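There is one chain below, alone, in C-alpha cells, taken in the form predicted on its own.
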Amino acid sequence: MNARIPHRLVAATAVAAASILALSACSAGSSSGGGSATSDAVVIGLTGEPVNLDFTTTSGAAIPQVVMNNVYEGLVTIDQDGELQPQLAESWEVSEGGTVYDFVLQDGVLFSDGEDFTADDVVFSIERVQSDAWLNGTKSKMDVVDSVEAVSDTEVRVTLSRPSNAWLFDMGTYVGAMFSETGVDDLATEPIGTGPYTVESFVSGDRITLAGRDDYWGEEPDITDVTLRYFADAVASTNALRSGDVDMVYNMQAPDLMGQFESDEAFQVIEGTSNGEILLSMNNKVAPFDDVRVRQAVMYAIDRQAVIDAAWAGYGTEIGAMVAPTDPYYEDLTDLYPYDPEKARELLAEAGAENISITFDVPTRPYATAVSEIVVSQLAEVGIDASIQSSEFPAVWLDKVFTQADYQMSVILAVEARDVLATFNNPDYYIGYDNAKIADQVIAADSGTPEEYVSGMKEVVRTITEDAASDVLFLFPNLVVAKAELGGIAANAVTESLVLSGLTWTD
C-alpha cells in the first residue's frame, strides 16, 4: 500500500503556509560561516542531536547516525538494498551446522589512534557487548554467542550456542561495532574506530565536525571535512538550506515544504525509504493498556492514512506491523485493524473503559508533534481523552519514557533495523509486552532453516499484532533536499547510520 501522492503538495494548515513564507523571505545567497566553500567540505542539516557519542551506554538513534560506518565499522555492513556486505571481514565461512563462523579480516587496518586492528579487537568487542560495560538494550543480540577466539591476527572464530538466522545481520548494526581495548576510555566524546572519519569537535546544541583520515585502510572519501549542524526545528533547517548555510537537509522534518524545492533547479529532492516506524507506544503494564481490549480499541480508532496525509503531507506507507517491507519476513497486516471507530467503542464498553482519560507523552520532535494532534482527535471520537504532555527529546523522553517506562502512551520513530524483537520480545522493555506467547516461537524460527525463519517470524509478528502490543502508524520516509551538485547521497536509511564516505561534489 503506497502513500497518496496527490496530498503531498497541499498546504493543509496555516502553519505550513507560514513556513513557506518564511522560506521565501530567506536570501538565496550564501552567508558567512555557512555551507561548504570547497570541494572537500560539506555541511549537513539535521534535527535531534545526540546526547553524547557513546551508544554502548546511551540509547537514541542520533548517536549511531553520526558514528557508525563513519567512525566505527563492523565485520560486515548493510548496503542500500538491505543486504550484507564485507567490511572489516574480507570473507567468512559458516559451518554446516550453522554455529561456527570463521572470519578472515582485512589486513593493514588501523584505528584512528594508530593501533593495529587485529583479531584480538574482535574478541574484545564482542565480549564487551556481553559484559556489564555495555548498558544499551541491544546487547541481547549477542546472547547467542557462546565463545569467540582469535585464531591468528587476521582470523577469528565465533561459536554460537545454537544456529541463528539473525546474528550475522545484527553484526552489521552498531552492536557489531569494532573497538580497540585502548580506545574505550571516553566513548562519549572521543570515539576511536577504524572508519574513514574522526570526530574533530562536538559542540552541544550546535554541531559535530568530522575529518577524513589520511591513514584509512579503504577508499579515502572525496569529502574530508564534514559538519553536521543540528536545528531546533524543521523550518530553521530548510531556511538554512535556502540561505546557503547548509548543503543538505537529511531526513527532512518539514514535508509540507518539499514542493518548494521540487520546482527549483538549484536543489535536488530525494524520497527514499527507511526501516523507521512511527510507533504509537502503549505501556502494556499499566492501566488502561494492560487490557488487550483497550489496546485493540486504539488500533481500530486510528485512521492511519489520515494520519499520514494530515501529519506528514501524504509521505509514508501503511505497513500494519513493526516490520519494514525490505525485511524477509514482511507481511502486509494492514487489514487486521482497519479504521472502525464503532468497533473501538464496543471494545471499550466491553472492557469497562468508556470515557477514559490518559496522558500522552509526546517527544519534542516535529513528526511526533504533528502525529499526536491527529491521534488525539481520533481517540476523542471513541471516548478516549488523551492529554498531551510534552517531553523534551532526547534527554527527558529517554529517561522518563524509555528508561523508567513512566508513561501510558507515547509516540516515537523507531529506526533500528529489524527491531521487532528488540521491542516486543523483552517484557522489561519500555513497551512491557508479555512475550510468553512468542519467546519459544522466536528461538525456533531463529534456529531453523532460512525458510523456517521467514515463516516462523511471520507467525511471531502476527501474534504481536493481534495482541495490539502497540500501533505502527506508518513507515517513515527518508526525505532529503540538497544542492543539485551534491552527489553520492544515500537515499535509503536502511540502518541508523548516515553514511558520509560516498558524498562528492559534481561539476
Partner chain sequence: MVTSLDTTDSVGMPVPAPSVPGGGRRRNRPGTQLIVGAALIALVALVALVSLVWTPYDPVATVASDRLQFPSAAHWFGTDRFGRDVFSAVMVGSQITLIVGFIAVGIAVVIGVPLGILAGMRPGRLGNLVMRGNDILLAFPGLLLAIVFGAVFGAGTVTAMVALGIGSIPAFARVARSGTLQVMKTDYVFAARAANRSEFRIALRHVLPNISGMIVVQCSVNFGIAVLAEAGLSFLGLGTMPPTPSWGRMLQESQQFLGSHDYLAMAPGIAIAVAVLGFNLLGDGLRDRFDPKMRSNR
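Values in this document were obtained by computation on a predicted structure and should not be read as measured data. Numbering follows the first chain given and starts at 1.
FYI, the form predicted in complex with the partner chain isn't displayed, but the following is about it.
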| query | finding |
| --- | --- |
| Partner-proximal stretch of 156 to 164, 373 to 381, 284 to 292, 113 to 121 relative to the partner chain in the predicted bound form, 4.5 angstroms, heavy atom | 373 to 381 |
| Every residue of D233, D256 and A311 near the partner chain in the predicted bound form, heavy atom within 4.5 Å | yes |
| Touches the partner chain in the predicted bound form: Q260 (any heavy atom, 4.5 Å) | yes |
| is_contact(V184, the partner chain) in the predicted bound form, heavy atom dist at most 4.5 Å | no |
| Non-hydrogen atom contact S390 with the partner chain in the predicted bound form at 4.5 angstroms | yes |
| Heavy atom of A150 within 4.5 Å of the partner chain in the predicted bound form | no |
| Candidate from A266, A306, V100, I270 lying within 4.5 Å of the partner chain in the predicted bound form - any heavy atom | A306 |
